[in-house]
Each structure stands twice: as C-alpha cells, then as structure tokens.
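First, one chain by itself in structure tokens, the form predicted alone.
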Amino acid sequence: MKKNSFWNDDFHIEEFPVLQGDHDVDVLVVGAGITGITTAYLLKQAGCRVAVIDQQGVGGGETAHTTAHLTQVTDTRLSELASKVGEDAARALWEAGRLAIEQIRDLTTELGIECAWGEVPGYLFAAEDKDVAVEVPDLENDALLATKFGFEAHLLESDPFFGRPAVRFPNQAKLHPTRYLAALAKEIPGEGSHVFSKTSASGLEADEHVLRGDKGTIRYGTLVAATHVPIQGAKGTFAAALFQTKLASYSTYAIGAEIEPMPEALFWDTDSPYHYWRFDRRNDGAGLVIVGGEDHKTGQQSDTEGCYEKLEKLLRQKIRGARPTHRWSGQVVETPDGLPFIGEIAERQFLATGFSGNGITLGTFSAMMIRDAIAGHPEPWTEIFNPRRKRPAALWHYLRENKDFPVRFVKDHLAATTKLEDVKRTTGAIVNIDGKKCAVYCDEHGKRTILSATCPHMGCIVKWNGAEKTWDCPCHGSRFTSSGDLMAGPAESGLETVESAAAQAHH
C-alpha cells in the first residue's frame, strides 16, 4: 500500500520558483493551499497585485491530504451547533459552505478545470454501534433544523449503503483537490503577481510590511495568513503565540481502495470521532472508495499504526474484495465554538483557520470573505467569524482543549528517555544526550539522525509517529519529517540538528 494520498500519487503540481529579487505587491498571502491560492486568485481578479509564498510549494500541505468532501454539513451536528452558538450563527456557517460549493463549481466551469468535479448526495447515518431509538430523534432534529434554515434534507429509514437511519443532503460535491489547486495557481503569476515555492515566512516584519528572504524581498500593503495554523513571523505577526492556544489540532487517517463501481456519494456517521466514506470513480469507470477517521489530538496517540489497522478492518468488513492502494494522514484544526476564525486580526493582517473537517469549502469561503474585506465590501459573516470574538459559552471547551499545554509541557520534559543504542531501524525515540532531550531516528541502513526534541514553536517535546514516520508536537500540532524538516505549523522552522561529542560518538 502506498503511503501517499490518491491526489499526490495521481497528479504532480508543477514547481514554482523560489523568491528572488525585490517585489512590491498589494497583498502578500502566506500559504499555497486551497485557502491561499483561492484568495490570491480572487484578489488578482479583483485588480490586486498579489504574491503567494509557501514553505514547501503549491499543495504541499493539508489540501493534498484531504478526502475532498465538499459539503455544507459541519463536523459539529447542526442541532448541537445551534445550541452552542445560536441559530443565526449556525445557519451562517452552513450558508458559507453552500456558497463555497457554488464558487468552486463556477471556477471549475469558467476555467475549464479537469478535476473530477461532480455533485453527489451526502448521507449522515446512525453509527452502527448506536441505539437507533436514540439516534433517529436526533437525526430528525438535524433534518428539521436544516430545512428550517433553507437547506434540502430528507430523513431516511435506511441509507443506500449501510442500511441505517440517515439524513440525505442532496447536491453536495467532490473533486480532485490537487488538480483543481494547480489550475488556479497557474492563473496567478503575471501582471505584477507571483507564486513562490520553498520560501519561508520567518523573515516577515509586519511593522515594516516586508518579507525578507535569503535572495529577495517582498514589500506589501496587506498580509493574509492562509497556513492552516497562524504564522508568527519575525516580530510577532498575528500575536500568534497567544492566538494558537485557541486552536486544537487533530490527526485524521484515510485509506483509499479499488472496488467494484458504486453510485458516487459521501457518507459520514454519528460517532465521535466519526468515520467518513467517499465513493468515487476513476476516468476509466473503475470504482474507488476512501474511508477515513480514527481522529486523535496530534502527537497524543502512541499507536498510530493501529489507526490504519482499524480503518482497513472496517473497510474489509463493509466491502468484500476491496483492494487498498493508498493510505495517508491529514490534520484538522478545531476552534472552541465550532466556528472558523476568518477576518482581520490586526490592522491590514488577515487570517483564516479552524475549518475542522470542512477545509476545502471553508478555505474557499475564507478567500471570498477576505477578498471582499480588502476591497472594502465586508460580508455579513464578518462579526460571526471574527477571529477576535469572545463567546462565554465556549469557555469550558477552550479550557478542556488547552489544559493539555501546561500539563504536557512539564510532563514531557520530565519523561524518561530511551538509550541511543535501543533506537531500532526505521523507528524514532526521544534520547537524552549530554543532558539534552534529542529526537533520534534510525533509518533502514542503521544511520541515525539526531535532532533537538524541542518544538521551536513553544518548547514542547515532540513525539514519534510510527505510522507516518514523523515527529509530532502534542501541544499545538506542529509536524516534522524524520530528518527534522517542517511539515506543518504553527512552528516556522524545523527541528535543530544536534552536534555534540556524545552524539558524534554514536554515528
């Protein structure tokens, strides 16, 4: 089974150049995933000069690790969301998802993008270990509330695949995310606009409205952080150290398989965390399915390989003859109240984050909101999704999510370590070397890579993820490759290499 997403394995996005020379733009967008690229594209269409930078490249982050369910249905059940934030805010969030689907459809049509776009039904069904007598009234409440808000929703006695009580939502959608992203990215360069890969945001100086890179600079008027989790920059851009404590990062897993052709549809159950299914077809008509779930807070699951094992077992139980071909993991970011943070966090500084499992839709909607705000036409959603909002009802959830930080910071710094010689091939472990906690990875040839185990974001000790061969931060969700390269923030640099006499003696 390939340890890569369908999307990355099937399609490779072209490389864009590294930042060189001096540039002046109206808007600098940090992050070249669905949020950043869509924002840049819409801003350019609105007459702005735009530059997009990314530490890796276009699609190098979470966009290529999604299962690309496009739905207005939120991770938080509608009735629960409405009770938490009020009916107006809950309806606004669903409307945002609906508008995003329509925006993606329009762009796909206008640009002639070949990205397997299609409208499909979505089904929220009663999890198989749940009591139907309890689940049906809750499903009915969701269907009634969705209908009240103006969304089409139908309560079913039995869904067409699992045979469980369900709510059917027509006119949801699916696409090939990297093909779609690549097509938008190609439209950005030219007429004073740029896309730069392998370009870090660590040289941002927000007070001076400049990004200083190794070989060039970008001067800008407005800054947009579209990095999944907010960036910090050289001078505390976005007050990120404080803001990031409002976010909770979760790892999620997916397995893709070849199956006999089935009707295209999206499914997700009522469990918490839930499992989700995407039934699709290749261009040649062959059947595909993606099953995902087994979510946990990033860096806080010791048996990550077991997450894949559970998904594969579930897949084989439900679809005889399924032939798994790919497996991959992604990361979702949640907020205390279930609403995303989209908008101006400081003067001429915008961010968008906290999309939960609706990254493609809410990333697109964020781009629409930010474009309109920069153009001086704020959306009616501005206050609801305001990053600076304060909701007392969300306080308990906030405390519950973020109590992990001080506890884990102390606990992990005091935790026992492994001996260097006990780190076996293709594994990683935390080792004490010269009184310093080190993250040590031993490759298949026996070569050990020795890194600082301290996350450069806020000093937590990283954990080894055996299934993904990554170092994950259990405090705020940063992820690093086995060689220490940054994969996902809020950290803005990789793990430092450790050079010491003791370390060198073991090489």
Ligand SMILES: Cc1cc2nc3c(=O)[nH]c(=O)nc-3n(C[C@H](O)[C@H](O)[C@H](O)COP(=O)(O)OP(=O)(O)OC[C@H]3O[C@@H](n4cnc5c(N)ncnc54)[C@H](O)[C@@H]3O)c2cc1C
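Bear in mind that the values here come from a model prediction, so they are computed numbers and not experimental data. Quick note: we count residues from 1 along the sequence shown, nothing fancier.
One more form of this protein exists, namely the form predicted together with the ligand; it is left out here, but the text below deals with it.
A heavy atom within 4.5 Å of the ligand in the model of the complex is found for exactly one of T108, Q301, T222, S200: S200. Between the ligand and the residues Q349, S356, S79, S193, the one pair within 4.5 Å by heavy atoms in the model of the complex involves S356.
In plain terms, the part of the chain that comes close to the ligand in the model of the complex, with a heavy atom within 4.5 Å, is 360-368 out of 91-99, 360-368, 124-132, 157-165. In the model of the complex, the ligand sits beyond 4.5 Å of every heavy atom of T449. Among residues of the shown chain, Y180 is not one whose heavy atoms approach the ligand to within 4.5 Å in the model of the complex. Remark: I342 does not count among the residues lining the ligand in the model of the complex, judged by a heavy atom distance of 4.5 Å or less. V332 belongs to the set of residues with a heavy atom inside 4.5 Å of the ligand in the model of the complex.
Interface residues of 61-97, taken as those with a heavy atom within 4.5 Å of the ligand in the model of the complex (partner not displayed): G61, E62, T63, H65, T66, T67, A68, H69, in sequence order.
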